[in-house]
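Form predicted on its own, single chain, as structure tokens, below.
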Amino acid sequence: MSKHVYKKIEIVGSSPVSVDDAIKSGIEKASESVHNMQWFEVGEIRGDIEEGKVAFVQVTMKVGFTVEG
């Protein structure tokens, strides 16, 4: 079994639809510039309330990826 080195970064995904959509959009956007992503950890969930309804959701995540080389 070979040894692996990982790095973690923090990203924030956002969505007017749902927490799930905020996670997916954050991961999909990050994958455009971060390669070898392996996992994510949700740290915070927050959102805006307008007229008594959830208007927007933000999800802070740590994303782990394999360091190349």
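Here the rigid core means the biggest group of C-alpha atoms that line up within 1.5 Å when the two forms are laid on top of each other. These numbers were taken from a predicted model, which means no experiment stands behind them. Residue indices: 1-based, along the sequence shown.
The protein also exists as the form predicted in complex with another copy of the chain; that form is not presented, and the subsequent description refers to it.
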* Asked: If you look in the predicted bound form, which residues in 4-23 sit within 4.5 Å of another copy of the chain (heavy atoms)?
  -> H4, V5, Y6, K7, K8, I9, E10, I11, V12, G13, S14, P16, V17, S18, V19, D20, D21, I23
* Taking the rigid core as the superposition reference, indicate whether the CA of D20 shifts 2 angstroms or more between the shown form and the other one. => no
* **E10 C-alpha relocation of at least 2 Å between the shown form and the other one, rigid core basis** => no
